[in-house]
Every structure is written in C-alpha cells, then in structure tokens.
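Only one chain is given next, in structure tokens, and it is the form predicted on its own.
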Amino acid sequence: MLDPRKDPMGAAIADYHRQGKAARLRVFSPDFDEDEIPVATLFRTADTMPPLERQALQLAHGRILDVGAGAGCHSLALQAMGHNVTAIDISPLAVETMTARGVKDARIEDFWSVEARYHTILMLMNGIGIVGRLERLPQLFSHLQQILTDGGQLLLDSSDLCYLFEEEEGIIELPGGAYYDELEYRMQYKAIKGDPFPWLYIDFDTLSEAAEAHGFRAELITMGEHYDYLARVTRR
C-alpha cells in the first residue's frame, strides 16, 4: 500500500475532490520530457469518457473488479448502470475519495493479492501497466486463472508506442534491445514525490501471442484513433 508521503496521485485526487481544483500532477521519465496528468480527467463522467472506455463499460457484466480505480469514475458509471462493482487501489487517499464520492465497495487492495473471483476485470487507462515488464506477463495470466470465473473476461485498453519512433518519411524504426513499450515513470505533486516505477504499454500482437501461450485468447474489440485499442482476454 502507498504511504501518503509518497503518493502524489492520491494527494492530487484528494485535493481535487475537496477543493474542486488541484496543482500540477507532474510526470517524469528518462525517455521523455516532463509531462503532467490533468487531474480533472480522473473525475470524468461516462459521457465525457473516450469511446474505448465507454465501450468497455457496455461490455462489462456480472461481478466486476475495477483495478487501479483512482477517483472511481468507471466504478461510479458502472454503479449508475446497475452493476455490482468492486473498486481497488493501492492508494488509501484514492480509496477514501472514492468512498466519499459514492463508490459502494472501494477497497485498499493490491491486484496481485486479490483472491475473490470476478466475471469481469477492468484495466482501463492502460491499467495493464501495473505488470511493469513484459517478462511479468506469465504472472498476470497465472493470476487471471485464479480470479476469473468460468467464462470471465479481462477488458483492457492500451497503446502501441511504435509511433514514437516514426521518421519523417512515415517509416517506423523500432529500437533494438528491451521491448520498446516498457517505460519508467516517477510522479510529483507539490512537494510529494513518488518512487520510480516501471509501466508497461503493450501492442495487441504481443498481447495476443502471450495470451495464446498461457491458455487465453485476446480479442481485438476496437482500434482507437492513434495506435490505441480495446481488447478482451478470455480463457481458451
């Protein structure tokens, strides 16, 4: 669980909920210039969500697990649709905020420690990033075997970052060595600095191959406008 002294995103979420505004949630990576996450987007409603997220919510069914739920926007939308959803996050500040916003079942819990079984697992906003590195995908599929019901599904969106290596002529030259969709980030909010953490983006072909190798099937549901996609993963 995250120590509030090292939880910049949780602090930003808590501030925005209490005050209706927040300072900059800064994002650093050794591979890119400094960026920031607009905190207001973590509080978006269903009608302002990207099409891929709205479609994922429509596909969700049964008992639902919202992984890395943040401020609870997806869980609240699912509740409004009449679904039974459990929202988990490792940030106590985020879970406190979700509860205050009306999420009925918000828990401080690490995905890797979940033991209950679910019909639908949601990993939206590139929630599969918690895997960290490509080499940890077997751990993900092993865990899914334990917590997905028969006929259950994992719904996830992610992006293929190959476009970052596109030349002026439109040719994409991928770098050698480590998988190009593995990144490292660190966040800061005001004086609160988080620890560096690995974060995985994954192209659909790589996801599909890994799923097949571990007894699952990945189905491409929709392609987005810029190398992003929504996928459903089920047991074969």
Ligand code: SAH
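Numbers for residues come from their place in the sequence shown, where the first is 1. The structure presented is a predicted model; accordingly, all values stated were derived computationally and were not measured.
Below, we turn to the form predicted in complex with the named molecule, even though it does not appear here.
From the list 207-215, 188-196, 26-34, 66-74, the contact stretch for the named molecule in the predicted complex under a 4.5 Å heavy atom rule is 66-74. In the predicted complex, the named molecule stays beyond 4.5 Å of every heavy atom belonging to L134.
Although the partner is absent here, L42 lies within 4.5 Å of the named molecule in the predicted complex, judged by heavy atoms.
Proximity of L161 to the named molecule in the predicted complex falls outside the 4.5 Å heavy atom cutoff. The closest heavy atom approach of F111 to the named molecule in the predicted complex falls within 4.5 Å. Proximity to the named molecule in the predicted complex, defined as a heavy atom within 4.5 Å, holds among A106, L140, M125, L148 only for M125. Checking L78, L156, L144, I88 for any heavy atom within 4.5 Å of the named molecule in the predicted complex turns up a single hit: I88. Although the named molecule is not shown here, in the predicted complex the stretch 1-16 places heavy atoms of L2, M9 within 4.5 Å of it, in sequence order.
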